[in-house]
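The form predicted on its own is given below as one chain in structure tokens.
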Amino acid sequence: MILTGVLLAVFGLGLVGWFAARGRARLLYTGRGSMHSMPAYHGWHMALWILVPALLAWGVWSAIMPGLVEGAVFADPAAASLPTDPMTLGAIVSEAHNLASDPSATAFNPEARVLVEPIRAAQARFGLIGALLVMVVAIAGGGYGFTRIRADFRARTQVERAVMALLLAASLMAVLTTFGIVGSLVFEAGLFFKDVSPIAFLTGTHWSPASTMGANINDNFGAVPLFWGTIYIGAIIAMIVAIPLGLMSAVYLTQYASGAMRKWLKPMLEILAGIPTVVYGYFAALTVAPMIRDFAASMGMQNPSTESALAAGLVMGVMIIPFVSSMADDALAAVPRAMSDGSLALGSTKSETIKKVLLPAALPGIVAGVMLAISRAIGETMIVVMAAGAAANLSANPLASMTTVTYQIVQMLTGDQEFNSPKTLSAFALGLVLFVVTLILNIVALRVVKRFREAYE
């Protein structure tokens, strides 16, 4: 709490420093008549010298403070009677930290209450030390920044460099996050493939990770049914719904709809993209799935399941419509008007112009939209969790229950699981395969656009 409060004080000090430096620069400007940088740049320069060192000091102290607190707690006489078993000791200390932050919490280990007061005292002491350190660094930085206020000082250059560094850090954050995700997936998947053969994983047709006792472990981790379920639901059934409806809606909005009609219809269509996927999941589980089950029963199917690939695929296709429609809309709108006017002038009807001129010309954008839609569909989780089922079936029957890669990832990583078991680590292997597939789809989409794009004058 103390370190959090000092952040507000640092930002307040930065604001005061900004006004002070700007006022000082204005006085210099009034006295000399000219300066290299405007007074506001001097204000920002001083604010940066207050905030950046202080925030760095705050981050460093926040990282080392838990270790200092733990050392002080274990040095307290109250910790002398604690058990030496690392697992038991860790549970007691973790519970004591929870009690220290939330006095109303329940203690399962009586020994944890002994550590509450030492933890609070250590946190208060080191929090105060950290707050003082941060404020000293902020004041020192502000003092240095204030001494730099001169008529010939290039404050604007320094501020612009700082802004460029901030923008570069923001850009690198996304790249480093991606590398971190890939690294964690590869590392955990590598642990899984130490126990399970990659060939058996990628080509096996039996998925039963819970049955790891006795027989060859490779026989229980055949992921082909999961890959088939993911492709069947996300790339076949969903696309059968999304591609025709999305493409036809884009053609209507760009070629037939009036301005007033487009103004109303396009936002209504794009609302579908803003609906949370859990809502789609409820819709699939409570409305679409029972209708499909009743339809299957009326067709003579024995004991039809409420969970089916068709229910999940239909609702997923509806969810994907805005992706296809938006990309196709942009691609059709980008085709030069002269091409359609020339076709009409030669006697073609509007439908012939659309079919033989506009759609071929807009094909790269449409293909890219379809590829991105497939990437989005095969990574969907909530709809398949609530409507597709958990059975790893290798079947082409759309009325059968079927599972996907994302469903199994959720199942493997939730609940009381042993993290180092092949069952849990299989989720990372599945995630790595899903990541590679979506990456390939995105690369293919970009290459299709680059290869078949036509340059229009």
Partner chain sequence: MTDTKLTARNVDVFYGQKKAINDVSIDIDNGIVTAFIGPSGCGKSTFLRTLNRMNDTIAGARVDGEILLDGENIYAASMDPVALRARVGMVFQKPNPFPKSIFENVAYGPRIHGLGSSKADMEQIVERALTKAGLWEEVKDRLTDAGTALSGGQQQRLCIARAIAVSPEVILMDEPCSALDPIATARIEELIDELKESFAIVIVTHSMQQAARVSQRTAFFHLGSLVEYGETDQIFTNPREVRTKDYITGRYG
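Positions refer to the first chain, counted from 1. Note that the structure is a prediction, hence the values are computed from the model and not measured.
Beyond what is shown, the protein has a form predicted in complex with the partner chain; the following relates to that form.
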Inset, instruction - May I ask whether Thr349, Thr353 and Val357 each come within 4.5 Å of the partner chain in the predicted bound form, counting any non-hydrogen atom? - result: yes
Legend entry - Heavy atom within 4.5 Å of the partner chain in the predicted bound form - the one residue of Leu133, Ala361, Val159, Ile236 that qualifies: Ala361
Inset, instruction - Consider the chain as shown here, without its partner, and state which of Ile139, Ala338, Ala273, Met301 has a heavy atom within 4.5 Å of the partner chain in the predicted bound form. - result: Ala338
Inset, instruction - Considering only heavy atoms, tell me if Leu344 and the partner chain come within 4.5 Å of each other in the predicted bound form. - result: yes
Inset, instruction - Could you tell me which stretch in 142 to 150, 293 to 301, 330 to 338, 122 to 130 has residues with non-hydrogen atoms within 4.5 Å of the partner chain in the predicted bound form? - result: 330 to 338
